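Single chain ahead, written as structure tokens, the form predicted alone.
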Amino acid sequence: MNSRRDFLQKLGLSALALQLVPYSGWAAGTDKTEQVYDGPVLRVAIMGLGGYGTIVAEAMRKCTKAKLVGVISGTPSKVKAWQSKYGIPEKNCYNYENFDNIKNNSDIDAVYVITPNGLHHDFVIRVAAAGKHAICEKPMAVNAKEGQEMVDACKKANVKLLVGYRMHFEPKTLEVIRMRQNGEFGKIRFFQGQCGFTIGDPTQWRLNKKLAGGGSMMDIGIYAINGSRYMTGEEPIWVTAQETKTDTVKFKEGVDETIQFQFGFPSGAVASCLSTYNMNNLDRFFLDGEKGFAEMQPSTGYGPIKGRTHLGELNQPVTTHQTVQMDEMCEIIFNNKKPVVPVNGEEGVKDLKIIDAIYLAVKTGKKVEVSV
């Protein structure tokens, strides 16, 4: 497969069809009676109509608290196609040059920025200046400095900045977090995160330093970084890292192919992680404690998450991650709901500080202290 997102496009709706349980079903616990939602609806414009933008749009068809109402793209043919497919009115269609005019459009509450990483910073700041809430795909920016500037801009404009951390709402993931918080694993000793696939087209933006901000670390490695934090419940205080590059034609200067990285946490727990664009079948988290363990594989893919602990298989319902994410973001924006694991801009900056430290550790070969 060329990439995770290319793979998803090939699967199309069949991938989403596997995820049949609506959010309201598992959120309601044993009460299977669906409640009719009677609150505010988050009206969203998607910026960037590529592979993942399409996945989000399809998932939003099943949302009860969020609705796709607008599009922003530099490709007129895509805009026309989305207008027809999703019933989007002409007045809610913009390009990258004129989308600042959304400030005058009361039909749009938020813009979901799903463009290459290197464009997130400027686009989110423009969204904030237009007075709209910003949702940004991860990584939120290409470094922590840019990320903090985005947070500051949104605060200044009095709008919310959220990041597309869909795993923060995934039922099996939340169950492992609950078990850890309840002490069911005992003192956490070790986390392992393995994230990778073999990337295809060498001309794609993910292999362009300016657009991607790096290589595998900026696309897939961030899952292991973020996962190490929510699985252990701690923030790393030091980082070491080593890079392996076997193809200097595809992976040019500043575009990492494979990075192994290690964390140390205040409790004494450690993490060992791998991010790669040159190995398949890597989507696994493992958490080990004095009393038990949790293993998730797949741990972050778009399809059904699978896992087990020392007590047996995880059997929480399967959900469409992006559907749940968008409905939950409605609650966060309008009702100030506090998710179990944050999805705000500050959370995004924490991951970026760690990524900065990983790249510095690779460059210097030294242990790098981290403070997030």
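In this text, residue numbers run from 1 along the sequence as written. Keep in mind that what you see is a predicted model, and the values were worked out from it rather than measured.
Note that the form predicted in complex with a small molecule isn't included here; everything after this is about it.
For a residue to qualify, one of its non-hydrogen atoms must sit within 4.5 Å of the small molecule in the model of the complex; none of P236, V239 and G264 qualifies. Between 175-183, 218-226, 247-255, 145-153, the stretch whose residues reach within 4.5 angstroms of the small molecule in the model of the complex through a non-hydrogen atom is 218-226. Taking G303, G50, G307, P342 one by one, only a single residue has any non-hydrogen atom within 4.5 Å of the small molecule in the model of the complex, and it is G50.
Shown without its partner, this chain lists K85, K209, K91, K78 as candidates; in the model of the complex, only K78 has a non-hydrogen atom within 4.5 angstroms of the small molecule. When the small molecule is considered in the model of the complex, P116 lines it closely, a heavy atom lying within 4.5 Å. The small molecule is not shown here, and in the model of the complex it never comes within 4.5 Å of any heavy atom of S299.
Using a 4.5 angstroms threshold between heavy atoms, K138 counts as touching the small molecule in the model of the complex. Within this chain, G196 is remote from the site of the small molecule in the model of the complex, having no heavy atom within 4.5 Å.
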